[in-house]
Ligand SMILES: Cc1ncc(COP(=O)(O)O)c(C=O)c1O
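Encoded as structure tokens, the following chain is the form predicted alone, with no partner shown.
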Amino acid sequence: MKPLSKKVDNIEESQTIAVSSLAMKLRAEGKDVISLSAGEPDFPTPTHVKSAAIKAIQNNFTKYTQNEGTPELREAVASKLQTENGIETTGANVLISSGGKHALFNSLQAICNPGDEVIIPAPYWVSFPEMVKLADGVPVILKTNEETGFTFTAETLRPLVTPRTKALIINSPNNPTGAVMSEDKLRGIAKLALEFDFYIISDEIYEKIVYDGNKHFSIGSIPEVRDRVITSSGFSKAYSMTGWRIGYLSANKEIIARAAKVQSQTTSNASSISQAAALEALRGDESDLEKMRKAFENRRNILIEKLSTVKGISVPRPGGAFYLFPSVKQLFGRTYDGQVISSSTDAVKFFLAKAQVALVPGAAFGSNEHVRISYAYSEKDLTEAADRIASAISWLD
């Protein structure tokens, strides 16, 4: 038979999904596995948001909507961006998509041509490089490290900019590191975008989950670069609405028109019921969000306190999101059951085999010396997992 898609052959499967699936399989087999792999809040969706969805169903709001999303939701998103983020926009500059991932995919499809370079700071969310490849672009990786708090500046970015640079992807707060980019750094990067004429895709899905006095700043609020910034976000993380699959992007009208054209030929409109729920999420009481944020902060503190005493790993303190990204390079060269740990993947296999704790290898995020731990789980599970990790490391040769 004729060969299948080479483009698909060149992309990787999501490691976060793969590890989560493996953990579920092991639990189904009766194994006592604690999975800290998924980036999914364990809290229920707020009651008033669920009620709005139920009401939408009862009112037969179950048909197609406009491809770009309902006018009410687009205007509500625009209002939110103006009020909370300082981004001057309108409903006509907003596209509602089937989740934040879908919004980002549509964005890259709308701006990329074959061979365009897209700069991606590492550690990065696993899907960024693969989405760029699917848009026929070329991922260019900007390495960051613990010494810089996994952040970067215009000057560290400058050497990677070429005439083929089409865009830079910023994810703040960051998955997997929890790093938060400061306003000063983002303003410097905005000046660089003007100097070299490239777009900025700002993934702000974790914007409401910040700690220690950190403030989220939207680069799209800077007037000089407003038309070259694509702001992407959604409801999955802050509102605990992962399964609802509802997200959005805001950009200049030409980009929105192109992204909407892509969406019209792939998924069409996002779920009508999810759009009704998202509208209520934006308009209704947000006290549940602060409760969740405080719970995440407390879980982070518990996990850092437990793991900071474990020899063999070092734990940077994240300023946002709900992940730890500890270094495991001190474990490299040590052995268990005749197996040598020489990579983050080996470390994850070790923790699963000897601690029955499922983590995600840092290699999936562009950093082979780290592993990602999600603390979107109960304090009981986090405490037990930390104890298991410490005990397992003590057995290493």
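Throughout, we count residues from 1 along the sequence that is shown. Owing to the predicted nature of the structure, the values given are computational and were not obtained by experimental measurement.
Form predicted in complex with this ligand: not shown, discussed below.
You can rule out all but one of 311 to 319, 296 to 304, 253 to 261, 93 to 101: in the predicted complex, only 93 to 101 has residues with a heavy atom within 4.5 Å of this ligand.
Proximity to this ligand in the predicted complex, defined as a heavy atom within 4.5 Å, singles out one entry of Phe152, Tyr211, Tyr199, Tyr206, which is Tyr206.
This chain lacks the partner; the member of Thr144, Ser240, Asn171, Asn269 within 4.5 angstroms of this ligand in the predicted complex by a non-hydrogen atom is Asn171.
Taken together, Trp125, Ser236 and Arg245 are fully in contact with this ligand in the predicted complex: each brings a heavy atom within 4.5 Å. In the predicted complex, this ligand lies within 4.5 Å of some heavy atom of Asn175. Contacts to this ligand in the predicted complex (heavy atom within 4.5 Å) from stretch 41 to 66: none.
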